[in-house]
Ligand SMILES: Nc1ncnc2c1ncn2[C@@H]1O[C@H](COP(=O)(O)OP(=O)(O)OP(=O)(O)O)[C@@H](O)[C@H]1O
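Only one chain is shown below, in structure tokens, and it's the form predicted on its own.
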Amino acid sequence: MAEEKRFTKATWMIMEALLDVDNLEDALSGSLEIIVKTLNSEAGAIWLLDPATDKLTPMFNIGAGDIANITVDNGSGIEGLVTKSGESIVLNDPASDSRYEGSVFEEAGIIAKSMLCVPLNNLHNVIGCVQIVNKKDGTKYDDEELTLCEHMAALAAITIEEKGLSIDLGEDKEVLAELRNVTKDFQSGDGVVQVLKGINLDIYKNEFVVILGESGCGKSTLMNIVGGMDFLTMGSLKIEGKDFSHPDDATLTAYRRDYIGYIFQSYNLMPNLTALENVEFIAELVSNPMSSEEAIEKVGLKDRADNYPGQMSGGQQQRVSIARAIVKRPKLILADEPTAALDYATSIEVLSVIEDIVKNYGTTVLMVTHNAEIAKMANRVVKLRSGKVASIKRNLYPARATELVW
């Protein structure tokens, strides 16, 4: 009886999320979270089919690994078989099933011991599938759990058709930074605290990534490792294919100087230098900088170039900080809570500048924030929980900064 009530409650939650929807992507990812939690599972994904390429890609995934840039041919793998046939597959012993040829989750260390995969069928055609992997207690998936997934998939498929969500994969994105099984330990008294517990994540060129999570989940630690301000304990970090897991001092200095732009919550401007001089100071450190005047103009501060930080508002100081980051022409900008000290209107001004950087400069931005509303702007949203990747969501239609409300 308790199990029946649990499934009924999950079904109503999914119906509420999907049928009264403002943001379809949030509703789909939220529904996947409900399924994974209700079935006490280790991982899950919603795959959508691109008709132009006849390939599947995961729009949303929950679990320790980043599978966001993986594609599967329609008809290949369990995901492709389900989408091609329109029939559900339950694998309670994948290793001995001839249909199973491996799982995309394996690279993240998730070995499939059981699996549910059901089609997204909108009555006209199959547009993808929902995949759930491994019950945490080691038991097998049963018919009731399959039915729950099929109900969710049917609702999702109908909602996708009604709302007109479509997918165009285009070209695969190039990986800028690749993290594999990254851990980070800190000494604490006589013991050791592990803050990162096996992070698997790819960061692509020319994308905006937002990292969300509660305080202490490892957001800033992860960003500091990518930015060369801290070192991983175990695992690997590659930047454009080069190993940066344990760089020497000279390599690390060059990487931070030439490759990374930083935007901090506290601005970190030099108070005895004007806005323009703050930018010029950074420009002089690199070999091919943007004009400092151009950088100041790009952030809308041409008329305040000769002002000192103490003569400027918090938002203006943060825009100087952004100008200082972009003047280096970096491939990657790291932004740590850049709007935390700002009011709403000023935050939108700053976020609009960051939006312009991604769209018009081909720069990758990795932002850590507590503000979930900002995540609507991102190409991808990575949620951390207790030092691990909890979920990754791709926004097909990122919001404009001016559309955010909090």
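Model, not experiment: these values are computed from the prediction. So that there is no doubt, residue numbering starts at 1 and follows the sequence shown.
Beyond the structure shown, there is the form predicted in complex with the ligand, which is absent from this document and is the topic of what follows.
In the predicted complex, none of the heavy atoms of residue 328 sits within 4.5 Å of a heavy atom of the ligand. Residue contact check for residue 74: none of its heavy atoms lie within 4.5 Å of the ligand in the predicted complex. Contact check for residue 159: every heavy atom lies farther than 4.5 Å from the ligand in the predicted complex. Looking at residue 337, you'd find a heavy atom of it within 4.5 angstroms of the ligand in the predicted complex.
For the ligand in the predicted complex, the listed stretch (305-313, 208-216, 250-258, 131-139) containing residues with heavy atoms inside 4.5 Å is 208-216. Contact here is defined as any heavy atom lying within 4.5 Å of the ligand in the predicted complex, and by that definition each of 186, 221 and 370 is a contact residue. Screening 195, 90, 237, 126 for any heavy atom within 4.5 Å of the ligand in the predicted complex leaves a single hit, 195.
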